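Given as structure tokens, the chain that follows is alone and in the form predicted on its own.
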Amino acid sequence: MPQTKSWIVPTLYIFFLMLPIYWLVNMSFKTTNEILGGFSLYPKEFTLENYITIFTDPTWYTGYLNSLAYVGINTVLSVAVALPAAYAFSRYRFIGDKHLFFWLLTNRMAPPAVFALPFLQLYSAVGLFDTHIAVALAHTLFNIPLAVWILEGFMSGVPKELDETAYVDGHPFWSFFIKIFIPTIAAGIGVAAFFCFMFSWVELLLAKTLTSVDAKPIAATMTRTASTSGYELGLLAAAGTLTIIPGAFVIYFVRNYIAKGFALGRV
């Protein structure tokens, strides 16, 4: 009997997790008047107008493109910088290495609001304000420590004999690092890239503060949908539904790496 009912708890848990997503999608196919008019499990007047608005209004679809641009740049930069840094922490011992490693993690612990004003003044002075690279560089302050922490755990699990064997065989360091070592920790790179992507994708404060028009992200656009009749709830729901898709694609492509990362790595 206990075995026959073992599916009940997982099913209820999945239902609990999926209910908000279903409700968001449900609202995206409704008009704002219907949303405010009462409770319904499905759209009584099914409409695609909210999605049409997003895909035809440059204010909306450019927000998605801007978000994807700076998130992609940030993910590549964060992982690229974190790889050699994590290798150094995993393979070498030097004075203050543990203190430096802890200092990196403290940057991730700090709230983004602490750095919003300094970044705004700095980027305005050097002409980077309202650019994709400005947001991407700001997010590296938080994502590089996270990527270093994750990758160091994977690299520490690789025997040092691999390095020594490669050197004996005559491989230069960068040849060994790129062709041999990086494929060995592919799961860790997938996990680090996933978390860097997701943290950058959902971050709002810095993205909104450091942009105004040209590089304005979708999150900032969603906060400016008020009209004389109130917030356009159907449009917001459609935009929110579309913001889930990039994360779902990333999870799909790195799902095997994430599973290995939770089983073997520091995550």
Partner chain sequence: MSTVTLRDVKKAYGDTPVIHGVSMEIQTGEFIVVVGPSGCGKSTLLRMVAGLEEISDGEIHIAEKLVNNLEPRDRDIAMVFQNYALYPHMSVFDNMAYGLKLRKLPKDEIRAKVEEAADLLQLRPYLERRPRQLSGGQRQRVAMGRAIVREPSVFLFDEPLSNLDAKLRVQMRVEIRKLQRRLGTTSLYVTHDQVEAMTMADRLIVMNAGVAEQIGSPIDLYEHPETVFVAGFIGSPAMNLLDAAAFPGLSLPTDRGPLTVGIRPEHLVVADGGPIGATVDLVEPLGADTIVHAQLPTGDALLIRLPGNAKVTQGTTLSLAPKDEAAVHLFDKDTGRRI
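Numbering follows the first chain given and starts at 1. In this text, all values refer to a predicted model and were calculated from it rather than measured experimentally.
Same protein, other form: the form predicted in complex with its partner chain, not shown, and the subject of what follows.
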Distance check, Ala166 to its partner chain in the predicted complex, heavy atom within 4.5 Å: yes
In the predicted complex, Arg91 touching its partner chain (heavy atom, 4.5 Å): no
Proximity of Ala110 to its partner chain in the predicted complex, heavy atoms at 4.5 Å: no
Contact flag, Gly127 vs its partner chain in the predicted complex, heavy atom cut 4.5 Å: no
Location of its partner chain contact in the predicted complex, chosen stretch of 136-144, 71-79, 153-161, 97-105 [non-hydrogen atom, 4.5 Å]: 153-161
